[in-house]
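Consider the single chain below, provided in C-alpha cells and representing the form predicted on its own.
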C-alpha cells in the first residue's frame, strides 16, 4: 500500500496528507477548491518547518514529504490509482454519502475506502458503495502530525483483512490505533461532546464564566485545554453537528445541544476559524481574549485573561 488519496485539504485533510507524505507514501490531495488546496499546502509547509525547528525532522525529510504530495481538483484523476482513499470532507452525512458513491465508481475493487468522520455511521456510508467490506473508519485526531490516536471503526460489513490492514497501517505512521464499534460518536466524541455540551450549559445557566469553567477543568482535571476553548478549536459548528448525530442516533435527550451553542453557530460564531466563539481571536493567530460570561458577543465586555 503506497498510493494514498486524501479527499479534502482543510485542517484534517492536510494533516493526514502531511503525515502520510512524511512517512514515505505517495499522496494525492484532492479538493474541488483550488484556493483551499493551495492554503492546505501552505499549512503543510509551515507545519513541516515547525517540525524542523523542534528538531523532529530534517530539511531533506521536509523536501521529500512535499515531493510526495500531488494536488488534484478532479476526483477521478486523484483517486483512480489509490490503494487507500481517506475522506476528510465536512462532517455532513449527505456530503459523505455522495463522495463514497462516487468513489465506489472510480476506485478499483481492492481499494480500501476510509472515512475520517468523527461521528457518522460507517455502516451507512459503506451501504452506498459497491464493496461495503472495503469501507472502514479511520478517525485521526487534530493536529494529525502530533496526536497519536487513531480510532479505527469497523462497519457491519468491514472484512477482517481490511480491519487488520488499517490497524497495521496506522502503526506504520507511528500512531496508536484503537478499534471501536460503529455507534454514534464512536468513543472519542461520545464522551467528549457531552462534556463540552455540559460546559456550554453551565455557561448558559450562569453557573460560571468562560475562564472559570476552563480553569476548573485544566487545573482540577489536568486537561491541557478547557472544554470551551477546545470547542472553539474543534469548531462550534462541528460540535453541534456531532451532538445532533448523537441525539438523533440514540434518541436520548441528554445529547440535545445547548440552545446557546445552537444560537452561536447560527450567528456565525464558530470558534477560531471565524475569529470568535467562546473567545475572541486576533486575526491570523490563536491568541485570545475572553468574553464576559453574560455578554458573550458584546465587544465592550471583552477582557484579557489573567
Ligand SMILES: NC(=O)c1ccc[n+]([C@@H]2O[C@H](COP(=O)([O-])OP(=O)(O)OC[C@H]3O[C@@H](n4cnc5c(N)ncnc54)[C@H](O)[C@@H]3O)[C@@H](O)[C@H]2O)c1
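Residue numbers count along the first chain shown, from 1. Being a predicted model, the structure only gives us computed values, none of them experimental.
Although not depicted, the form predicted together with the named molecule is the subject of the following passage.
In the model of the complex, the named molecule sits beyond 4.5 Å of every heavy atom of residue 215. Residue contact check for residue 167: none of its heavy atoms lie within 4.5 Å of the named molecule in the model of the complex. In the model of the complex, at least one heavy atom of residue 12 sits within 4.5 Å of the named molecule. Proximity of residue 118 to the named molecule in the model of the complex: non-hydrogen atoms within 4.5 Å are present.
Contact with the named molecule, judged by heavy atoms within 4.5 Å in the model of the complex, is confined among 230-238, 201-209, 129-137, 77-85 to 230-238. For the options 62, 26, 247, 273, the residue carrying a heavy atom within 4.5 angstroms of the named molecule in the model of the complex is 273. The listed set 124, 90, 181, 172 contains one residue whose heavy atoms approach the named molecule in the model of the complex to within 4.5 Å, identified as 90.
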